[in-house]
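The data below hold one chain only, encoded as structure tokens and taken in the form predicted on its own.
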Amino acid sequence: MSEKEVRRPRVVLVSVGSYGQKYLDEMTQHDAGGDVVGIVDVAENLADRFPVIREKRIPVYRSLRDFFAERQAELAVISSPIHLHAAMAEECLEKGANVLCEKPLCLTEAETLQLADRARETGRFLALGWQLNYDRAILSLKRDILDGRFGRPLRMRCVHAMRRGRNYYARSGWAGRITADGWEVLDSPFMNACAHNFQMMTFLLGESMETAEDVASVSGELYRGNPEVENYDIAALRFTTRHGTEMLYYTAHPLETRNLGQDGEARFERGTLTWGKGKHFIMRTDDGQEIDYGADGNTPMMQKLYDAIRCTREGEKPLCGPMAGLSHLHAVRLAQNLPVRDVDSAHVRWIEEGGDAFPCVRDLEDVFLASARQWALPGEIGLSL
């Protein structure tokens, strides 16, 4: 092997207190092919919370400026609060580091394009943490779609909702908010926790392996079931894409079921794709073929980290860059313009479980599943919350 092939990239982890802990665990419990040379986090006494930091003698810095003043890294993994992503990604690129940034990268198209330009100018890559874009089953499926194997996409739908309670919203100052500290965050299940399957749908229809199909218009119903959050936490949305494909998406947090979905279907001119939680991506073609692409989850969730380290080492770039998330960003901003209705408090009951409290909107699961079966928004078939 050449020196280039065996070199281990130096990795800096930016924010490890929330989702970033997954990267810390992966890098310290397994050989990911790179070495953590620093952590950037503003939390006090971080090593008391994560003893592995002390055990591995990983230095902790309060800012990227402090880190880069003393050290270098070939890869920066950013899991900081949403409104800090863009500035931190740009700083890391300018310091010569490739970047793997958790989604969303930012909240405007202009900033997305600016960051994509900075990555090109610096000769570094900017990858996003949409983990389904790294899933080998999905990548194989997308190649067949691009090859025209199933004809034109006609319509797609998916239910993907997860219960979240007070502890989830209390974990940060931006959770469930439209703005935080004067910055837009637009946090909602559609923008954040349950965004992956919608982004995957747009990614599957992208005109290249690096891009996603853009959305052109939206109609839908937004609700606030949890009176303690600022933004909507229930969404039933219908998008039309730039090429005329209908996309229906149903997502929420205030439900009794811990994890509702994923339950998805996509109809093409010559076949129907189905997928779901614990199920394989199966394409059934009109001529009787059944193509099994494997299950979402066969590829490890942290494959994005392994791909970023490999690409850093080998001078390549991951498929999931800024353009892969741009359509989802457009969809978030279109949806944010829809009116939000408060669910009648008489239809919401609170349950306590595991030291947490969860609001549950009556019949929400049944409403979503019935609407999805009919390719409809709830109000179109006489269902209401």
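Because the structure is a prediction, the values reported are computed rather than measured. One-based numbering along the sequence shown.
Another form exists, predicted in complex with a small molecule; not displayed. Remarks below refer to it.
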Ok, Thr112, Gln131, Thr245, Gln199: which has a heavy atom sitting within 4.5 Å of the small molecule in the model of the complex?
-> Gln131
Candidate from Lys279, Arg71, Arg136, Arg171 lying within 4.5 Å of the small molecule in the model of the complex - any heavy atom | Arg171
Among Glu91, Asn98 and Thr122, does every residue place a heavy atom within 4.5 Å of the small molecule in the model of the complex?
-> no
Partner contact for Glu102 in the model of the complex: the small molecule, 4.5 angstroms, heavy atom = yes
is_contact(Gln374, the small molecule) in the model of the complex, heavy atom dist at most 4.5 Å = no
Considering only heavy atoms, tell me if Ser80 and the small molecule come within 4.5 Å of each other in the model of the complex.
-> yes
Is there a heavy atom of His85 lying 4.5 Å or less from a heavy atom of the small molecule in the model of the complex?
-> yes
Given 40 to 48, 25 to 33, 316 to 324, 347 to 355, the stretch touching the small molecule in the model of the complex at heavy atoms within 4.5 Å is 40 to 48
